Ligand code: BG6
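Only one chain is shown below, in structure tokens, and it's the form predicted alone.
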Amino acid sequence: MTELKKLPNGFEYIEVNNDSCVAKIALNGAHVFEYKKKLFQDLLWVSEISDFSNDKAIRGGIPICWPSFGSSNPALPQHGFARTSMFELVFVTEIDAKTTQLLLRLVHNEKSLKLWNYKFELDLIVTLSDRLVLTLKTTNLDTKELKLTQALHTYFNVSHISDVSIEGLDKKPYFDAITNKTREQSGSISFNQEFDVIFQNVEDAIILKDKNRTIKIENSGSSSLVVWNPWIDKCSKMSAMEPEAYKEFVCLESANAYDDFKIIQKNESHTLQATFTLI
């Protein structure tokens, strides 16, 4: 069953409940802010004090950073404008009792052209079953090529940040955004301080191990992955986030970032896909 719902302030979202999972996707930002496989805990973390209003980004879930990641384009807002733009729900398909698919679309408009002078079509296909699949397709409708950086900025709900380890990035080069240095990863990742790193040459599945569950992340159309946790000092200064919230999540962001930017020629497309599976 799929329903379009609305909060008292007019904020609209789609609620999906099939035999595999329950999920919620906001029209504002095409933002998946809940995915829960039946008999499992929430895959995603969302701040208890996050705004749920149009033109504001939700803190948590899966924000879409587009058409720029971070501050890679200083002319644009941090992480671009897609995460605060209103998408159109194009279709919902009940593939079977266990699988629901939605297509949400953002097209250039007067507001976007003032920020970023390109004509485009941005589609997000959300496939909801016993795994979550996000397919983000950018089509260049302009007469000139465009440069794109982007990310599916996924906040994973964890039991405690001290219980988390990440595997699959051994010997991968990375850019450390805190020290502005490039290094090579050695072994698995655990957390005892702020972590803000863009990995490159990432081709295989990434494994997120928590105390009581394991999550596999598979990406295509991407060779970069962002791993982030703000830790104590930064968390205390961030908007829509409680001071202790850093203990509750880790971000693994399927991306085209840093050296993995994309150039899209006119009438051509690029697709970034992320698949999240509880194993």
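Quick caveat: nothing in here was measured; it's all calculated off a predicted structure. The first residue of the sequence shown is number 1, and the count goes up from there.
Another form, the form predicted together with the named molecule, is not on view; read the next lines as being about it.
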None of 142, 196, 130, 123 but one has a heavy atom within 4.5 Å of the named molecule in the predicted bound form; the exception is 196
With the partner omitted here, the residue among 231, 45, 228, 52 that in the predicted bound form has a heavy atom within 4.5 Å of the named molecule is 228
Exercise. Would the named molecule in the predicted bound form be within 4.5 angstroms of a non-hydrogen atom of every residue among 69, 155 and 238?
Worked result: yes
Q: Although the named molecule is absent from this view, report whether residue 190 comes within 4.5 Å of it in the predicted bound form, heavy atoms only.
A: no
Q. Should residue 31 be classed as touching the named molecule in the predicted bound form when contacts are defined as heavy atoms within 4.5 Å?
A. no
May I ask you to state whether residue 78 is within 4.5 Å of the named molecule in the predicted bound form, using heavy atom distances?
yes
In contact with the named molecule in the predicted bound form (heavy atoms, 4.5 Å), from 37 to 45, 207 to 215, 22 to 30, 220 to 228, is stretch 220 to 228
